[in-house]
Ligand code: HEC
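The chain below stands alone and is given as C-alpha coordinates, in the form predicted on its own.
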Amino acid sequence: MTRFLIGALALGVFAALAGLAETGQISPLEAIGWKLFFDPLLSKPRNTSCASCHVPEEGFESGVALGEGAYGDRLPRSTPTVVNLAEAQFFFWDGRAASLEEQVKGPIENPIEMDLSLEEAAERVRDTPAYAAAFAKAGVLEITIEEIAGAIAAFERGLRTGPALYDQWLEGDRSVFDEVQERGRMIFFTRGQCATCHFGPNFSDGMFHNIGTGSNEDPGRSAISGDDYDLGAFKTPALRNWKGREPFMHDGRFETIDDVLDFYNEPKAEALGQTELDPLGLSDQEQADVKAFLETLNGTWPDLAPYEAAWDALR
(Lines give C-alpha, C1' and ligand atoms only; values in the text may rest on other atoms or scores of the structure.)
Protein backbone atom coordinates (compact mmCIF):
# COMPACT_ATOMS: atom_id res chain seq x y z
CA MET A 1 0.00 0.00 0.00
CA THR A 2 2.86 2.40 0.82
CA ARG A 3 4.45 1.75 -2.57
CA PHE A 4 1.08 2.41 -4.23
CA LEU A 5 0.71 5.75 -2.46
CA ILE A 6 4.24 6.79 -3.38
CA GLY A 7 3.56 5.84 -6.98
CA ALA A 8 0.31 7.78 -6.99
CA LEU A 9 1.92 10.94 -5.64
CA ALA A 10 4.79 10.66 -8.08
CA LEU A 11 2.41 10.23 -11.00
CA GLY A 12 0.61 13.40 -9.99
CA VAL A 13 3.91 15.24 -10.15
CA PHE A 14 4.60 13.60 -13.51
CA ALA A 15 1.33 14.86 -14.94
CA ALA A 16 2.16 18.40 -13.84
CA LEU A 17 5.60 18.20 -15.43
CA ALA A 18 4.10 16.80 -18.61
CA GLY A 19 1.86 19.85 -18.77
CA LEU A 20 4.90 22.11 -18.58
CA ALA A 21 6.58 20.15 -21.34
CA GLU A 22 3.66 20.83 -23.68
CA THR A 23 3.97 24.62 -23.48
CA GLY A 24 6.34 24.65 -26.45
CA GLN A 25 9.03 26.64 -24.65
CA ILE A 26 12.09 25.10 -26.25
CA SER A 27 15.55 26.34 -25.28
CA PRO A 28 18.25 26.93 -27.94
CA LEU A 29 20.21 23.96 -26.57
CA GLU A 30 17.19 21.67 -26.85
CA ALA A 31 16.62 22.85 -30.43
CA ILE A 32 20.24 22.06 -31.33
CA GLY A 33 19.88 18.68 -29.66
CA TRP A 34 16.77 17.98 -31.73
CA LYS A 35 18.66 18.73 -34.93
CA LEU A 36 21.64 16.59 -33.90
CA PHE A 37 19.35 13.73 -32.87
CA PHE A 38 18.10 13.45 -36.45
CA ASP A 39 21.43 14.17 -38.15
CA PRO A 40 23.39 11.24 -39.71
CA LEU A 41 26.46 13.47 -39.50
CA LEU A 42 27.26 11.74 -36.21
CA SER A 43 27.86 8.35 -37.84
CA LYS A 44 31.08 7.55 -39.66
CA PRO A 45 29.42 6.70 -43.02
CA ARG A 46 26.94 9.58 -42.50
CA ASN A 47 23.94 7.29 -42.89
CA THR A 48 22.72 6.73 -39.32
CA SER A 49 21.36 9.14 -36.72
CA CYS A 50 20.08 8.66 -33.20
CA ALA A 51 16.59 8.67 -34.71
CA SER A 52 17.48 5.78 -37.02
CA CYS A 53 16.98 3.49 -34.01
CA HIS A 54 14.96 5.80 -31.74
CA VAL A 55 12.14 6.32 -34.22
CA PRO A 56 9.45 8.77 -33.04
CA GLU A 57 6.71 6.79 -34.80
CA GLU A 58 7.80 3.68 -32.88
CA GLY A 59 7.71 5.27 -29.43
CA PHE A 60 11.34 6.35 -29.90
CA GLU A 61 12.34 2.70 -30.18
CA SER A 62 13.19 0.81 -33.38
CA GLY A 63 9.96 -1.10 -33.96
CA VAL A 64 11.89 -4.36 -34.46
CA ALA A 65 13.38 -6.87 -32.06
CA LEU A 66 16.97 -5.93 -32.88
CA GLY A 67 17.94 -2.87 -34.88
CA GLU A 68 20.85 -2.35 -37.25
CA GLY A 69 23.97 -0.24 -37.01
CA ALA A 70 25.54 1.98 -39.65
CA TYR A 71 27.02 -1.01 -41.52
CA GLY A 72 23.99 -3.26 -41.26
CA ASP A 73 25.23 -5.15 -38.20
CA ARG A 74 22.46 -6.61 -36.08
CA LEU A 75 22.55 -4.96 -32.66
CA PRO A 76 22.67 -7.29 -29.63
CA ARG A 77 19.75 -5.72 -27.78
CA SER A 78 16.43 -4.06 -28.43
CA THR A 79 16.44 -0.26 -28.63
CA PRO A 80 15.09 1.28 -25.38
CA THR A 81 12.96 4.41 -25.59
CA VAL A 82 14.45 7.83 -24.80
CA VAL A 83 11.10 9.27 -23.66
CA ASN A 84 10.34 10.06 -19.99
CA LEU A 85 13.95 9.68 -18.87
CA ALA A 86 14.49 13.06 -17.20
CA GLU A 87 14.46 11.50 -13.71
CA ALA A 88 16.25 8.25 -14.60
CA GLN A 89 19.41 7.23 -12.75
CA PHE A 90 20.65 4.48 -15.07
CA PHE A 91 20.63 4.12 -18.84
CA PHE A 92 20.81 1.20 -21.28
CA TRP A 93 19.36 -2.20 -20.41
CA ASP A 94 22.36 -2.96 -18.18
CA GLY A 95 22.68 0.50 -16.64
CA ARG A 96 26.20 1.09 -17.88
CA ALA A 97 25.61 4.83 -18.27
CA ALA A 98 24.80 7.04 -15.30
CA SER A 99 23.55 10.09 -17.25
CA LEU A 100 21.85 10.95 -20.50
CA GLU A 101 25.05 12.68 -21.60
CA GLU A 102 27.01 9.48 -21.10
CA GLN A 103 24.30 7.51 -22.86
CA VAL A 104 24.53 9.81 -25.90
CA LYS A 105 28.24 9.16 -26.39
CA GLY A 106 27.96 5.36 -26.28
CA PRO A 107 26.25 4.71 -29.65
CA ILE A 108 28.30 7.39 -31.44
CA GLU A 109 31.61 5.65 -30.79
CA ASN A 110 30.30 2.06 -30.76
CA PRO A 111 31.90 0.27 -33.75
CA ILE A 112 28.69 -1.57 -34.67
CA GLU A 113 26.39 1.40 -34.17
CA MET A 114 27.63 4.78 -35.46
CA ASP A 115 31.37 4.06 -35.37
CA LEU A 116 32.59 7.65 -35.06
CA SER A 117 35.26 8.80 -32.64
CA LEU A 118 34.07 11.47 -30.25
CA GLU A 119 36.88 13.76 -31.44
CA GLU A 120 35.76 13.47 -35.07
CA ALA A 121 32.12 13.95 -34.08
CA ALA A 122 33.01 17.26 -32.44
CA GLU A 123 35.10 18.28 -35.44
CA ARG A 124 32.27 17.56 -37.86
CA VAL A 125 29.82 19.64 -35.85
CA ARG A 126 32.32 22.50 -35.47
CA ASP A 127 32.88 22.51 -39.22
CA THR A 128 29.16 22.80 -39.98
CA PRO A 129 28.28 26.53 -40.21
CA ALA A 130 24.66 26.03 -39.13
CA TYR A 131 25.73 24.31 -35.92
CA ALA A 132 28.51 26.81 -35.22
CA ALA A 133 26.02 29.69 -35.53
CA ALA A 134 23.34 27.92 -33.48
CA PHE A 135 25.72 27.02 -30.65
CA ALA A 136 27.00 30.61 -30.61
CA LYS A 137 23.43 31.87 -30.19
CA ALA A 138 23.08 29.41 -27.32
CA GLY A 139 26.17 30.94 -25.70
CA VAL A 140 28.56 28.12 -26.64
CA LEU A 141 31.65 29.38 -28.45
CA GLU A 142 33.78 26.23 -28.23
CA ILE A 143 31.96 23.16 -29.50
CA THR A 144 33.23 20.01 -27.80
CA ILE A 145 31.79 16.53 -27.51
CA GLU A 146 30.55 17.54 -24.06
CA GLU A 147 28.52 20.37 -25.58
CA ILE A 148 27.17 18.06 -28.29
CA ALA A 149 26.19 15.35 -25.83
CA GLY A 150 24.72 18.01 -23.55
CA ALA A 151 22.52 19.36 -26.34
CA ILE A 152 21.19 15.94 -27.33
CA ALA A 153 20.62 15.07 -23.66
CA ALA A 154 18.75 18.37 -23.18
CA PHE A 155 16.48 17.45 -26.08
CA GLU A 156 15.89 13.97 -24.69
CA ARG A 157 15.12 15.30 -21.20
CA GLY A 158 12.28 17.32 -22.66
CA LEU A 159 10.66 14.28 -24.27
CA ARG A 160 7.68 13.61 -22.01
CA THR A 161 4.44 11.92 -22.87
CA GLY A 162 1.12 13.59 -22.16
CA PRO A 163 -1.32 12.72 -19.36
CA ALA A 164 -3.00 9.33 -19.59
CA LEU A 165 -6.42 8.16 -18.43
CA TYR A 166 -4.81 6.86 -15.24
CA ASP A 167 -3.67 10.38 -14.38
CA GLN A 168 -7.31 11.49 -14.42
CA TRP A 169 -8.11 8.62 -12.08
CA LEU A 170 -5.30 9.73 -9.76
CA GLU A 171 -6.66 13.25 -9.72
CA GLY A 172 -9.87 11.91 -8.24
CA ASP A 173 -12.14 11.16 -11.18
CA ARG A 174 -12.92 7.51 -10.49
CA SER A 175 -15.61 7.48 -13.18
CA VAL A 176 -13.01 7.32 -15.96
CA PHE A 177 -12.44 3.59 -15.32
CA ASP A 178 -14.96 0.97 -16.32
CA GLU A 179 -15.36 -2.22 -14.29
CA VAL A 180 -12.78 -4.13 -16.31
CA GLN A 181 -10.11 -1.43 -15.93
CA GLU A 182 -10.80 -1.18 -12.22
CA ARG A 183 -10.46 -4.92 -11.77
CA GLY A 184 -7.21 -4.78 -13.71
CA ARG A 185 -5.94 -1.98 -11.50
CA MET A 186 -6.58 -4.00 -8.38
CA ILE A 187 -4.81 -7.07 -9.79
CA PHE A 188 -1.87 -4.95 -10.98
CA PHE A 189 -1.27 -3.51 -7.51
CA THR A 190 -2.06 -6.67 -5.50
CA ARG A 191 -1.73 -10.32 -6.40
CA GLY A 192 -0.48 -9.62 -9.92
CA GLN A 193 2.69 -8.28 -8.24
CA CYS A 194 3.28 -5.93 -11.19
CA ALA A 195 3.86 -2.92 -8.95
CA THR A 196 6.78 -4.67 -7.26
CA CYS A 197 8.91 -3.26 -10.10
CA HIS A 198 6.52 -1.16 -12.17
CA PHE A 199 5.71 1.83 -10.00
CA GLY A 200 6.43 5.55 -9.80
CA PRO A 201 5.87 8.27 -12.39
CA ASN A 202 7.04 6.15 -15.30
CA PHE A 203 5.81 2.80 -13.95
CA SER A 204 9.38 1.59 -13.56
CA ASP A 205 11.61 1.44 -10.52
CA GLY A 206 14.55 2.06 -12.84
CA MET A 207 16.42 -0.84 -11.27
CA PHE A 208 17.54 -4.29 -12.43
CA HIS A 209 15.70 -7.56 -12.05
CA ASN A 210 16.06 -11.15 -13.18
CA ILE A 211 12.82 -12.34 -14.74
CA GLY A 212 14.35 -15.29 -16.56
CA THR A 213 15.29 -13.64 -19.86
CA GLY A 214 19.08 -13.59 -19.50
CA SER A 215 21.47 -15.98 -21.21
CA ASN A 216 25.12 -16.98 -21.19
CA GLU A 217 25.55 -14.80 -24.26
CA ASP A 218 23.93 -11.84 -22.52
CA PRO A 219 24.12 -12.01 -18.71
CA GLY A 220 22.72 -8.49 -18.31
CA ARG A 221 23.64 -6.22 -15.42
CA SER A 222 26.24 -8.61 -14.00
CA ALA A 223 28.61 -7.83 -16.88
CA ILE A 224 28.69 -4.24 -15.60
CA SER A 225 28.46 -4.74 -11.83
CA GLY A 226 30.61 -7.86 -11.63
CA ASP A 227 28.11 -9.21 -9.10
CA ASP A 228 26.67 -12.71 -9.57
CA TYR A 229 23.50 -11.42 -7.93
CA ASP A 230 22.88 -9.44 -11.12
CA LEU A 231 23.13 -12.46 -13.43
CA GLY A 232 20.31 -12.25 -15.95
CA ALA A 233 19.08 -8.92 -14.58
CA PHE A 234 17.97 -6.10 -16.86
CA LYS A 235 16.53 -2.65 -16.24
CA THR A 236 12.78 -2.52 -15.65
CA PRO A 237 11.16 -1.09 -18.79
CA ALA A 238 8.61 1.67 -18.27
CA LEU A 239 4.95 0.85 -18.77
CA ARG A 240 3.85 4.42 -19.33
CA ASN A 241 3.09 4.73 -23.04
CA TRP A 242 3.99 1.11 -23.72
CA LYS A 243 1.65 0.93 -26.69
CA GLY A 244 3.53 1.57 -29.90
CA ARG A 245 6.84 0.37 -28.46
CA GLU A 246 6.46 -3.26 -29.48
CA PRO A 247 8.23 -5.69 -29.45
CA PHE A 248 9.13 -5.99 -25.77
CA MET A 249 12.04 -7.04 -23.51
CA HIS A 250 15.76 -6.43 -23.91
CA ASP A 251 15.92 -8.80 -26.87
CA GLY A 252 12.50 -7.99 -28.35
CA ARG A 253 11.33 -11.56 -27.81
CA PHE A 254 7.67 -10.68 -27.22
CA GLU A 255 5.72 -9.19 -30.10
CA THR A 256 2.64 -8.15 -28.13
CA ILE A 257 1.60 -7.15 -24.63
CA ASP A 258 -0.44 -10.36 -24.52
CA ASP A 259 2.77 -12.35 -24.98
CA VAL A 260 4.28 -10.46 -22.03
CA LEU A 261 1.29 -11.16 -19.80
CA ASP A 262 1.34 -14.84 -20.75
CA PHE A 263 5.04 -15.01 -19.83
CA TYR A 264 4.54 -13.41 -16.42
CA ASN A 265 1.56 -15.64 -15.73
CA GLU A 266 3.54 -18.81 -16.52
CA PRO A 267 7.26 -17.97 -16.52
CA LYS A 268 9.67 -20.47 -18.03
CA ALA A 269 11.56 -22.67 -15.60
CA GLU A 270 14.99 -22.21 -17.17
CA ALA A 271 16.76 -18.97 -16.26
CA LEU A 272 20.26 -17.61 -15.92
CA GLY A 273 20.80 -16.91 -12.25
CA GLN A 274 17.91 -16.70 -9.82
CA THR A 275 14.66 -15.55 -11.39
CA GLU A 276 12.38 -13.37 -9.28
CA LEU A 277 9.18 -14.60 -10.89
CA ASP A 278 6.64 -17.06 -9.57
CA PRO A 279 3.65 -18.29 -11.59
CA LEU A 280 0.70 -15.96 -11.02
CA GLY A 281 -2.07 -18.32 -12.00
CA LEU A 282 -4.31 -15.60 -13.42
CA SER A 283 -7.33 -16.63 -15.46
CA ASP A 284 -7.78 -15.47 -19.05
CA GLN A 285 -10.29 -12.92 -17.83
CA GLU A 286 -7.93 -11.62 -15.18
CA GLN A 287 -5.17 -11.21 -17.74
CA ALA A 288 -7.58 -9.33 -19.95
CA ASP A 289 -8.45 -7.12 -16.98
CA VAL A 290 -4.78 -6.29 -16.41
CA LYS A 291 -4.36 -5.47 -20.10
CA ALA A 292 -7.36 -3.15 -19.92
CA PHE A 293 -5.72 -1.32 -17.00
CA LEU A 294 -2.42 -1.10 -18.87
CA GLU A 295 -4.25 0.65 -21.71
CA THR A 296 -5.01 3.49 -19.29
CA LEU A 297 -1.28 4.25 -18.99
CA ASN A 298 -1.02 5.42 -22.59
CA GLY A 299 -1.01 9.16 -23.30
CA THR A 300 0.07 11.34 -26.19
CA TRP A 301 3.60 11.32 -27.58
CA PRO A 302 5.85 14.40 -27.55
CA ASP A 303 5.14 17.02 -30.20
CA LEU A 304 8.36 17.68 -32.10
CA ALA A 305 7.05 20.65 -34.11
CA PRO A 306 8.15 23.22 -31.47
CA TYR A 307 11.70 21.90 -31.69
CA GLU A 308 11.81 22.40 -35.43
CA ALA A 309 10.44 25.91 -35.03
CA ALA A 310 13.01 26.69 -32.35
CA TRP A 311 15.80 25.40 -34.60
CA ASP A 312 14.59 27.52 -37.51
CA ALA A 313 14.68 30.56 -35.20
CA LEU A 314 18.39 29.91 -34.53
CA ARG A 315 19.36 29.86 -38.19
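Computed from a predicted model, the values in this text were never measured in an experiment. Heads up: residue numbers just count along the shown sequence, starting at 1.
Keep in mind that the form predicted in complex with this ligand is not shown, yet the notes after this line are about it.
The shortest heavy atom separation between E276 and this ligand in the model of the complex is within 4.5 Å. Looking at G192, you'd find a heavy atom of it within 4.5 angstroms of this ligand in the model of the complex. Using a 4.5 angstroms limit between non-hydrogen atoms, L261 touches this ligand in the model of the complex. Among heavy atoms of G59, none comes within 4.5 Å of this ligand in the model of the complex.
Heavy atoms within 4.5 Å of this ligand in the model of the complex are found in exactly one of 122-130, 163-171, 76-84, 177-185, that being 76-84. The candidate spot formed by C53, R96 and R245 is fully in contact with this ligand in the model of the complex: every one of the three has a heavy atom within 4.5 Å.
Of the candidates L159, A154, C197, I145, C197 is the one whose heavy atoms come within 4.5 Å of this ligand in the model of the complex; the others do not. The contact residue chosen from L41, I257, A271, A288 relative to this ligand in the model of the complex is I257, the criterion being a non-hydrogen atom within 4.5 angstroms. Counting a residue when any of its non-hydrogen atoms is within 4.5 Å of this ligand in the model of the complex, the hits in 98-124 run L100, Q103, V104, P107, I108, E113, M114.
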